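To begin, one chain is listed below as structure tokens, in the form predicted on its own.
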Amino acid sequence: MTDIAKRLTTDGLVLQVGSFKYSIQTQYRSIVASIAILYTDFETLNKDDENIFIDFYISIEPTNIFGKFISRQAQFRFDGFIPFNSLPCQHAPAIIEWGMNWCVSSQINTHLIIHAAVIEKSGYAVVMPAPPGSGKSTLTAALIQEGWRLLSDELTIIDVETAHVVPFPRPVSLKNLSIDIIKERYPSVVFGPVSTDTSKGNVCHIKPPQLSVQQQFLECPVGGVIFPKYEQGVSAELIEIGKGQALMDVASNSFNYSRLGSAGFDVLHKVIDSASCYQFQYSQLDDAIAIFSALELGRE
């Protein structure tokens, strides 16, 4: 048994992921395999070190280890309580990723948390809020193979004092056809286990680039806010939008904007005021990559 597997299945593996420390426990071999594949570049910490403050204690276990039928359901636990319903055990690798996102989006109110991918190049971040099915994660997965730094696939974390993005470079989630598209286009990308037949279809995560993990404490200002939308057959096009509309749309994609009150408005105003704001439609990754490569950020 490897050290990672032993710690996961006993008193917990502590991972430093961006600004947060997770203690993770599980008996599921699929999760052990997933973490061993996707998190090899992340720092693991000594749980007994009295100087370490662990932000989130999480586990995924069978709902009832004594019942063969019931144990086909996997249950996510946070600090010992159950925040949502159990799911089929074949979803376990996806559950751990969803659960790690939930910890930050539901528990953190020291930063503005936006449901958006965020990537960086030349010192400036591009925030990409978008609903499911918009092609956001496929676009993100492609761009981070084309020289962009991954800051996050799902959660844009904004420091309320500096208005800079705080990196959270975890594995990128892909679904259904997007899995095959990225596999074919980028054969060297490392894929974790597939969670089959979830509510989103087949879900798989890809390993974040090593450099993105090494730079996970390097914050940066926002240079662009882009709302992407995949639509079959359309020509790739950036369409500039007003800052007032962009602010409202980003606020509606935030998990804690209203809870932060005036601090949320102030930091989001700073972000939008300094960023170029666009809607973006595309159907071909080649065209999307070319347009993003030509972006001039940080000139507002």
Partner chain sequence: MQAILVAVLNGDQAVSDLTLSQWDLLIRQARKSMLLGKLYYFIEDEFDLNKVPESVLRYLQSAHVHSTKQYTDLLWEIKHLEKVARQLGFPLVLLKGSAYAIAGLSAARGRIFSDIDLMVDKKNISLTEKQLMLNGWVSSSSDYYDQLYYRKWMHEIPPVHHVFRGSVLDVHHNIIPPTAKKSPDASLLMAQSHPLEGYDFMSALSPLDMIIHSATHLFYDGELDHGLRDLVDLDALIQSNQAMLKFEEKLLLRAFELGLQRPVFYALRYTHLILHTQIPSKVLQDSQRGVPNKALLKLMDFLFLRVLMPDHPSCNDRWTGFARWSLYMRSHWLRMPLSLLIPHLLRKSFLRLTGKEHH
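From a predicted model like this one, the values you see are computed outputs, not experimental measurements. Positions refer to the first chain, counted from 1.
The same protein has a further form, the form predicted together with its partner chain, not shown here; the description that follows concerns it.
Novice: Using heavy atoms only and a 4.5 Å cut-off, determine which of S235, S252, N46, S258 is in contact with its partner chain in the predicted complex.
Specialist: Exactly one residue meets the criterion: S258.
Novice: Looking at D266, D55, D41, E61, which has any heavy atom no more than 4.5 Å from its partner chain in the predicted complex?
Specialist: When its partner chain is considered in the predicted complex, the option within 4.5 Å is D55.
Novice: Can you pick the stretch from 144-152, 191-199, 129-137, 75-83 whose heavy atoms fall within 4.5 Å of its partner chain in the predicted complex?
Specialist: Of the stretches listed, the one contacting the partner is 75-83.
Novice: Within a 4.5 Å heavy atom cut-off, is S262 in contact with its partner chain in the predicted complex?
Specialist: Output for S262 is no: heavy atoms all beyond 4.5 Å of its partner chain.
Novice: Is Y278 close enough to touch its partner chain in the predicted complex, meaning at least one heavy atom pair within 4.5 Å?
Specialist: No.
Novice: Is S19 one of the residues lying within 4.5 Å of its partner chain in the predicted complex, judged by heavy atom distances?
Specialist: Flag for S19 set to yes.
Novice: Though only this chain appears here, would I108 touch its partner chain in the predicted complex if you measure heavy atom gaps against 4.5 Å?
Specialist: Looking in the predicted complex, residue contacts with its partner chain include I108, since a heavy atom lies within 4.5 Å.
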